[in-house]
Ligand SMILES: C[S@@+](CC[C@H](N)C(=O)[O-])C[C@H]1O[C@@H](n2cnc3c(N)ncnc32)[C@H](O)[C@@H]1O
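Single chain ahead, written as structure tokens, the form predicted on its own.
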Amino acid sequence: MFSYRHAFHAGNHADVLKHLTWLAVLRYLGQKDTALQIVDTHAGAGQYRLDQDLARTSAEADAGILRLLAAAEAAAAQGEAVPDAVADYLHTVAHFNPDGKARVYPGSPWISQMLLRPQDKLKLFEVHPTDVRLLSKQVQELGTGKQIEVLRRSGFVGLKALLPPPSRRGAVLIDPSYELKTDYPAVLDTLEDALRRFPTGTYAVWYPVIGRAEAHTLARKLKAMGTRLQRPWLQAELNVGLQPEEGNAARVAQGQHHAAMRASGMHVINPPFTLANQLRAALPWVLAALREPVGASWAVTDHTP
């Protein structure tokens, strides 16, 4: 259960999609003065060093955030504009690297805490013994008192006690590792229970797009749930594609060829009304920076009851 460490994957293409979307959601929700409760059900270690052993083992950031930063620098040199949502995301990452060298990557807890206002609360769930220790240490060093709380228990279970929040305004990020097949039904059960308790909250679910039956059905079931419960939803997917030597995308999708994860999605229930257009502007630019030669694509679908 504890074999997964996000440090191996920090700053990859999935993090780019996840954190770009999450940041856009929080920016919008922060425009209203009423207190906001933010919940991260699978917080991880908080922030990650891209120049140390864990991240360098897979070097996934090289084809993710580092490639995106290089594309933005090239665009600036040519006087070309970067989409607003991408620029905001890259500016946030740069905040953690004041010397201009991308050594630190902020996970979702650190992106969330950057946007906290005095009236807001941040609840961080994590069960991995090493990551929760690192996360707790980082939060303690911030000196935010009770505004940020680290909870060493399953976010799938612990979320129930936090809904609805006292202010009736909340945003929840659900992004398990999907290391266990049970994570897929747990996401659906947790989300449905949350929507029963707090139907007007904003819920963002990250999911992998891989050659596993549970993964293929999750995206479809998320759409069906939102439609059945009469909630607006948005689904965005980013597929960075393959190198030619990895085989064609169809064979990988059918599980006939082993390859690293090349695609992932974000499903947002009760999204900001601005989010779909922001992502439709951002993802083509992101894909142009991150794409490999075979099978790359992006998609944004939204639904309003």
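Heads up: residue numbers just count along the shown sequence, starting at 1. What you are looking at is a predicted structure, and each value in this text was computed from that prediction instead of being measured.
Another form exists, predicted together with this ligand; not displayed. Remarks below refer to it.
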| property | result |
| --- | --- |
| Among the candidates R169, R231, K123, H128, the residue which, in the model of the complex, approaches this ligand to within 4.5 Å (heavy atoms) | H128 |
| Candidate stretches 193-201, 154-162, 76-84, 91-99 - the one whose heavy atoms come within 4.5 Å of this ligand in the model of the complex | 154-162 |
| Partner proximity in the model of the complex: S112 to this ligand, non-hydrogen atom cutoff 4.5 Å | no |
| Contact label in the model of the complex: T217 to this ligand, heavy atom within 4.5 Å | no |
| Distance check, H19 to this ligand in the model of the complex, heavy atom within 4.5 Å | yes |
| Close approach of A43 to this ligand in the model of the complex, 4.5 Å, heavy atom | yes |
| Within 86-108, the residues that have a heavy atom no more than 4.5 Å from this ligand in the model of the complex | G107, S108 |
